[in-house]
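Same chain, two forms, each on its own as structure tokens: structure 1, then structure 2.
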Structure 1
């Protein structure tokens, strides 16, 4: 059998699947070996393998049959195919020329990497994103954009409920684009931050706000719904949108609802959003939830038996953030107490979680955090910048954000800060710590445990 067999299969498949699916799952495949009745196809990663195996096998088999290869067995192997041309130039991205870029918080000891300046967090990658039927379209669209930004699906509008991977995906696009072309100017911002910066620029007559966004090659704006009731900001965004779109710059937007269901969105922005591609992310199905738990556990160096995985996947259904949260709690608890993460621990954890009261006040969060670190309230909300005080303060901010969903200005205020960017940096820092720093994770979990006890 010859390589051309796979080419003809691809030709037929291209006619039968959406362009986005083709670009994502089929385009980067190569025939590795072609025996008499066997075809081994190289695919770039586990997700492609998964998708092709699960979702497209019948279609491929059908296409093989049509090209007269009835009994051919097909196998997919992960294979690092010719990697895309990567601009390896060390030329730094001069984001400071994009005037108005927020200065790193002075409480940060290390200077942030370039990507932090762009608002991107390198922890979000396609590699770590698990694809299932609930999110495959959004994933495919994002991959296609990462390959060639500004050419199709512009704007891309992703919507769906909280904790379903919108931020992860759109950040992954940004990281993907920079990996392919390090000179690309990618700007990620939450719409809440956009509103605050815009208002500041008016209030304090700061220059450079428009430029910062209008000079981007890729503008990613997260949680668009927060702009919707701010008329002036919408107007500013409308002009930014037009400038970028006219210049074929990629725009990516996320929101909790589709444009047509955001009542306060102005008609002209709505119609702009509807020009491009609109995709949703749905709550993950059971299989995807299990896959997410397995992958995340193994990334943290733990293994869960199937029973425990299925238990968690059955009890935490709606939201991937919660799924991840309960896994992290389970692992942290087991680490602390020297237990094996099994179904017994998982079920005791989940049943105590269900008894949690709903109403916790910001004051309780700050007090509880201060008490945990044995410092005074006056210290945590005061001006001191010693590390012993700064870290607890950052953790309190993180908890106010993650548990009570306070806005950044409110978070800042609760800790006696005037500047909301301090809150943004603090929350980001602890978020990172939750993934990489066991001590931080332990502190946070202990405070939470007491808070809800």
Structure 2
């Protein structure tokens, strides 16, 4: 009985949450038992339990009511049956089958084991990637590609700031494809390495450069922005792209900017990048940061109480690498000194770390904003009202308000304005833009990263 009740609940929930959220939190649950007005659901780990308890409890209760179980209480328990069920289901494509396990050796002439997954690091998997509102669309697109490469979202172009998990995600796709089909030729390379190999092939007349990439089933290029000002390399990649795309081979690209914002990128490459799916990865929200910390701590054999997790997540906001670095410092310090990793130790550690310096000045905010948009400081504080000046000015006002908490009159004066209502309008406009405009969010986050670097 409990199975039919839970399946009914899952059917409704699947219609009300994103595909990535459903796959992450609901897909690997099983009903364990039912009693008088009680349903016990098995989950694979502590974080899944917390997410379902805290974030999705109301949605689940509503689904129970809609299925005629008005007074049913639900409880989530971590249970080993989930692991057993996953093992039995290894033939199907789920999160574990996409986990990026090393490809088994094969005698198939198409794919010698040493070239099947060139450049991939098997530690990057979907299983270890924390999904949140900042990256769920990119995650869902990558999972779809891992199940059926070359048939949709081709090319896939993922962009976002430093340390947000782009490399993890695109390598997880490659590992997932290998896990599903060990005969696939998956090549991962950074654009810098692509450039160097191309130059070596010309300088030393090395053969095989083009075949290495054009005979791949999946080509994954990381940090595409570094290829932008290299004309000959762009031409070579253009022909590689065409060859692969015409043969329905999957192409995945990452960059710190969307194609239209990469300077000196040739128009024909830009148009090809834009013919597929373009998706951004944003800095993780508070909930996702907490999830990352709990999972990473668990993987290290440590347990953090909720107060410590929330403290770390509050003090490191824009960069996942920095977040993991703070956690590693905390765990290392506690191990060396025989301490328990708690909020007291965390606050002591972070107060001495260079996370968000207090000496950032209004002048530095204005200078960094002007430099980001490649305009003169005199222009951003001057009277011009051209769009390419007004938007940077409004972003500078927003940062002065949100990061330094200046009063509106003070914000206005820093940008050469007499009327503080201009600052109010500018801050409100950027706040609104942060909600729906990817480019505004990207500009703001990149400036903040460099301010606190």
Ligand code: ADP
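Positions refer to the first chain, counted from 1. Keep in mind the model is a prediction, meaning the values are calculated, not measured. Note that the rigid core is defined as the largest set of C-alphas that superpose within 1.5 Å between two forms.
Undergrad: Deciding between structure 1 and structure 2, tell me which is the form predicted on its own.
TA: Here the form predicted on its own corresponds to structure 2.
Undergrad: Aligned on the rigid core, do the two forms place the Cα of residue 255 2 Å or more apart, comparing between structures 1 and 2?
TA: No; residue 255 is a residue whose C-alpha shifts by less than 2 Å between structures 1 and 2 when the cores are overlaid.
Undergrad: So with the core overlaid, does the Cα of residue 378 end up 2 Å or more away between structures 1 and 2?
TA: Where the cores coincide, residue 378 still shows a C-alpha shift between structures 1 and 2 that is 2 Å or more.
Undergrad: Align on the rigid core first; then say whether the Cα of residue 73 has moved by at least 2 Å between structures 1 and 2.
TA: Superposed on the core, residue 73 moves its C-alpha 2 Å or more between structures 1 and 2.
Undergrad: What's the distance in angstrom the Cα of residue 445 travels between structures 1 and 2, core superposed?
TA: Spelling it out: core superposed, C-alpha of residue 445 shifted, distance 27.6 Å.
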